[in-house]
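Form predicted alone, single chain, as structure tokens, below.
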């Protein structure tokens, strides 16, 4: 993970600010930085989204391909994640550093999203035990300024909302075999229900308090973090502790409650923004370097 060097004086100054609910950039402890989201930014994918959270930029593309369902769940499709940590984001991503972080991020995303409580995996089934849709979710880290998990999860939800999967028709040939036909009409497609797709909230313990959406400087002052994935109803689907430090039970309870509260408030404005952008159709103005 990208890191910065912070002096002892800077740490003390930052920790005193967090204690008084005032961070270096003027935010309160449970406030996010300015966020910009844009969907349908990559033409050769079935769904895509780009998010800028402060100076953290993430691009997500979703590609749907027909594959074989897994033996344990023959009536469900599944998601595969790949995270590419671009060396342009930070020099620390060069070589093995970027690969190890990419694997760690992919494993967490798999646990958070690839389950029937987050995505309706049964809707991805084409023919039970034979064919299903496999969603390949590719994440590219363009710039890193802290809080990667939150930014990636929001971008994934936006990309899945933007994803359109062709309708499938199954017919039998003369020998009784099954043939799969994909509709070539771009409007004859299936959408993914993202209502229950969770957003990740990462809380960093700084002193005796915790902050949401930590910058790299704040991350350097944190001994441990708690990663919590929360649905629109406030239900926690995954919890993971990050960092070398320890967390006492009282801190874990307080951070979990804060994560549930913050995560629940993320979903409504996010969905409202995505639906508003989609309603504009071709009239919407594309921004950013991909516009």
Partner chain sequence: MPFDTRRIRGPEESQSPLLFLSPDKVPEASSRQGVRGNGDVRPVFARCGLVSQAKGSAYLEAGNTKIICSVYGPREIERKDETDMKTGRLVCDFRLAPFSCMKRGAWIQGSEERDLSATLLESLQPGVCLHRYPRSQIEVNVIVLENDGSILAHAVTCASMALADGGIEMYDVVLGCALGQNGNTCLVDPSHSEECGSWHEGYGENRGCVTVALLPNLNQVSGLNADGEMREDTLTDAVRTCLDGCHKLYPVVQQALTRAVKRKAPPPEK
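Residue numbers count along the first chain shown, from 1. Keep in mind the model is a prediction, meaning the values are calculated, not measured.
What follows is about the form predicted together with the partner chain, which we do not show.
Picking from 180-188, 131-139, 155-163, 101-109 the stretch near the partner chain in the predicted complex, with a 4.5 Å limit on heavy atoms, gives 101-109. A residue is said to contact a partner when one of its heavy atoms sits within 4.5 Å of a partner heavy atom; residue 73 meets this definition for the partner chain in the predicted complex. Mapping the unseen interface onto this chain, residue 67 falls outside it, with no heavy atom inside 4.5 Å of the partner chain in the predicted complex. Using a 4.5 angstroms threshold between heavy atoms, residue 116 counts as touching the partner chain in the predicted complex.
Proximity of residue 63 to the partner chain in the predicted complex: non-hydrogen atoms within 4.5 Å are absent; the residue sits far from the partner.
Using a 4.5 Å cut-off on any heavy atom, none of the residues of 184-199 reaches the partner chain in the predicted complex.
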